[in-house]
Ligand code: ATP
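So this first bit is one chain, no partners, the form predicted on its own, shown in structure tokens.
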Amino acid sequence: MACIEARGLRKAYGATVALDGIDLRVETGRILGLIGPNGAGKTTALNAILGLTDYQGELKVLGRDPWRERDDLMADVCFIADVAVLPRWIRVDQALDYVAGVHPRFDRAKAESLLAKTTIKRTSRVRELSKGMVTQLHLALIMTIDAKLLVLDEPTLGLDILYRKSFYDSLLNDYFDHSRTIIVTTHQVEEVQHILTDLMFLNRGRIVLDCSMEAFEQRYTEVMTPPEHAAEARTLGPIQERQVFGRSLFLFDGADRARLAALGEVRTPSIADLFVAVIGADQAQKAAA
């Protein structure tokens, strides 16, 4: 059974269409990167999945209707919107007490074990902790809940690179076990590429790319060509061309890598490069229409 399945999912706020009848399926035990520009519909999609907004169309999360069965659903779901949401007045031990009281799948002993590896004192208040310490506390609270679905909406916003790396390392090493499903949205896509199993681009309420990371690596290719090979590369139908240090960098969808290798240096593009190419093409198509 799929963890999440939607058909014709639509949400409008007056004349503004946030989700334009999308179909999606997220299998159990996958890590999906949901990527899109501001206003693409990512937060609306997550709110629908979490039962925080109504919608049109069909949506099942862990076999439940999230809008009508939210109380039951949330026993199996965790959500991190921002590591800065912890109340600044609360003490660390009070935060542990609170989560233990509201979530039936919280493993307090495991949380205590994670905190023992830090310098965080149980009597400290959140306002007394550094940003990095708040992240460590948040991890200890969330990653020790035995949830079937974890939703992360820009979880590392405002953190420095050391703690962002620590966050995703902990996510992969201490939490993910192939029976849980994770959805993560972020603008720092280069930092999640190594943990994703699936990739989805959302733009203007529509899905413009949906593939596994295995398919991504097989399907898309970048080649950097010297000037004398640029014209030949263009005949192969790249989806994007840009100039880098006096050479042409082309991005191809489904091209023959052996043929491209004869034209220059071949590599797999980053998610960020593909995102710019796909979203740019989609917006140009919309503008032309």
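Computed from a prediction, not measured in an experiment: that's the story for all the values here. Each residue number is its position in the shown sequence, starting from 1.
The following text describes the form predicted in complex with the named molecule, which does not appear among the structures shown.
**Student:** Looking in the predicted bound form, is the named molecule within 4.5 angstroms of a heavy atom from every one of A75, Y98 and H103?
**Tutor:** Spot residues vs the named molecule: no contact at all.
**Student:** Would you kindly say which of H229, R64, R30, K42 lies with a heavy atom within 4.5 Å of the named molecule in the predicted bound form?
**Tutor:** For this set of options, the contacting one is K42.
**Student:** Can you work out which of A277, I271, A18, L24 has a heavy atom no more than 4.5 Å from the named molecule in the predicted bound form?
**Tutor:** Exactly one residue meets the criterion: A18.
**Student:** With the partner removed from view, which of 232 to 240, 30 to 38, 260 to 268, 66 to 74 is the stretch that lies within 4.5 Å of the named molecule in the predicted bound form, judged by heavy atom distances?
**Tutor:** Among the candidates, contact is made by 30 to 38.
**Student:** Does the named molecule get within 4.5 angstroms of any non-hydrogen atom of H187 in the predicted bound form?
**Tutor:** Yes, H187 sits close enough to the named molecule in the predicted bound form that at least one of its heavy atoms falls within 4.5 Å.
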